[in-house]
Every structure is written in C-alpha cells, then in structure tokens.
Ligand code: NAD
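Below you will find one chain, with nothing else, as structure tokens; this is the form predicted alone, and questions on how it binds or moves follow later.
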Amino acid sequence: MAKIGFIGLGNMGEPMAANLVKAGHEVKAFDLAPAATAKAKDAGASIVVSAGEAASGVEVVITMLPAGAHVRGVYLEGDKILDTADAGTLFIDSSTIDVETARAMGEAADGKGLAMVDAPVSGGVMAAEAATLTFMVGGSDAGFERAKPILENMGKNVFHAGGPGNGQAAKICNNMLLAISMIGTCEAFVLAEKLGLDHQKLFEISSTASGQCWSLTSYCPVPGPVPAAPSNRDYQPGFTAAMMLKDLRLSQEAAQAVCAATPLGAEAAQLYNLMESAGKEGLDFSGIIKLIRGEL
C-alpha cells in the first residue's frame, strides 16, 4: 500500500480520498474548508495544515482542484508542492483544467525529475462515492503504469489517452459531446410533450432505436424512465450545470486555440450560460430541460 497526499476535498475529492483509505492506503489530506477536512478525517484520512505538508513524505500526490489557476498556484506558487515533494514522487492531477496548464505542469514536473500525469474524471459524485469513475490519463507510458493501480482504487475504467495534456483533451471533448446529446435528448422530450406522446413511450422506443444515447438511457432528463437519474429528485446534482458550463468553456477555448469548428459545442455553451444567468447553475446539467421548456 502507498503513502498518498490528497489536496482538494470537494464534492469529488473527498469520496475519492475516502476510497483510497478503504483500499488500505495511508492518506494525508488537505483542504481549505474545515467541513471538507472533517469528512475526510471521519473517513480515516490524516489531516494536515498545508498543501506542502500533504505533498511531503509520500509516494503519490493527488490534486483535485477547481481550475487551472488553482493548480498552478499549488504546484508552482505558494506551497510549491513540486519543491516540497520527495524525489521519485508521482503527481496525479485529477482536476478538470485547460490543456495548456496541464502540459505546463507536466513540463515543470519533468524539469525537476518528477513524474506527473493529468487524470481528469467522468462520472460525477455518485461514481466518486461508488469508486466507479472513469479516468482519462495523459502522460508518459511509465507515468501511466505507476498511476493506474492507484486510480483503479477510485474508478472502474482507466484509459491512457496519450501524452501530457491528452487526459484533459479527452475530458473536454467527451463533455462537449455529453452536453450536446443531453440538449438534443431534452428537445426530443419537450417536442414529444407538445405532440401528446408519453415520456415512457418515447423512452421505450428511442432507447431501442437509432436515438439511443447515454443521456437517454442512463440519465434521462424526465422523471420516471430511469429511477436513479437526477430528474427524479428535482434535478439535484449529479453533475451541476455550472460544472458542465466550465467544461464547455474549456472546450471552446481549446477549439479557438487550434482553429477547430465546434458550432454545436458553442451553442451548448450559450444555453448553459443562459441557465447560469437564470441562477439555476446549481441544478443538475440535465435540468437544462427546464430552460428548453421555457420554465427558467
């Protein structure tokens, strides 16, 4: 079992750290929020007072932070965890951030003789709690092989997407696709409502026809057909609309940087921006159906 430092104990990070403890690892955890560290302590992690302390005396450091600026701040500024870590430490950044920052952090780690992979996740809070996340990993072959057994304690699918930053590239491409498919699914149900077609009937037909997709069969945006979907609990997340908008903005920044045409991705970002403007960004992202119905 490994000694692991875990920095960032939010809605995703805390259950991820808890699953590492369950797997038998020794976890030193840090977060700025006392409530988050209290939960991690209850789960069996040792709480430390700084990111630098979490990164010292361990074999692996995992970061789960809100944005690229926070990752840069922890790795290169403030506590400078790349400087406080022991020789041979493996860094795993599971934050969802811009590709440029992910690659810059990989280069910084490499310059200090340290291994680093970017390993953003898909699956949301429920998957984090159940240790069924999907990890999309960017980095060297050697870094991936070292990270994989650790990530398998927190997820059921661990993919090597290629070199540094490719984990982030895979994440933003996947979530752009998810947003587009969710909006299309919502539009189909709203049209069905206006045409007098029952939700369950549309689900039964489309789930076995060419309209089948994950947004329909696993995360249906109307109550009833998929009991575990957030639509059955008044769109409590899940994966918030705010987080989806963050990922869509990252996708559009990346598309602009490489001159890629993503018109549907751009439109999806605009729709989720309207949801944020309506003050409903805390709802699950499938709650976009409320906007499409004209309820927001």
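Quick caveat: nothing in here was measured; it's all calculated off a predicted structure. The numbering used is simple: start at 1 and walk along the sequence shown.
Another form exists, predicted in complex with the named molecule; not displayed. Remarks below refer to it.
Contact between residue 5 and the named molecule in the predicted complex at 4.5 Å, heavy atoms?
Residue 5: no, not in contact with the named molecule in the predicted complex.
Do residue 164 and the named molecule share at least one heavy atom pair within 4.5 Å in the predicted complex?
Heavy-atom contact with the named molecule at 4.5 Å: absent for residue 164.
Find out whether any non-hydrogen atom of residue 12 is located within 4.5 angstroms of the named molecule in the predicted complex, and reply yes or no.
Taking the distances in the predicted complex, the answer for residue 12 is yes, it comes within 4.5 Å of the named molecule.
So in the predicted complex, is the named molecule close enough to residue 61 to count as touching (4.5 Å, heavy atoms)?
No - in the predicted complex, heavy atoms of residue 61 and the named molecule never come within 4.5 Å of each other.
Quick one: find which of 142-150, 118-126, 176-184, 195-203 has residues within 4.5 Å of the named molecule in the predicted complex by heavy atom distance.
Stretch with heavy atoms near the partner: 118-126.
Every residue in 282, 285 and 296 with a non-hydrogen atom within 4.5 Å of the named molecule in the predicted complex?
No, none of the three is in contact.
What is the one choice in 220, 172, 74, 154 with a heavy atom within 4.5 Å of the named molecule in the predicted complex?
After the contact test, the surviving option is 74.
Can you work out which of 228, 33, 260, 49 has a heavy atom no more than 4.5 Å from the named molecule in the predicted complex?
Only one option qualifies, and that one is 33.
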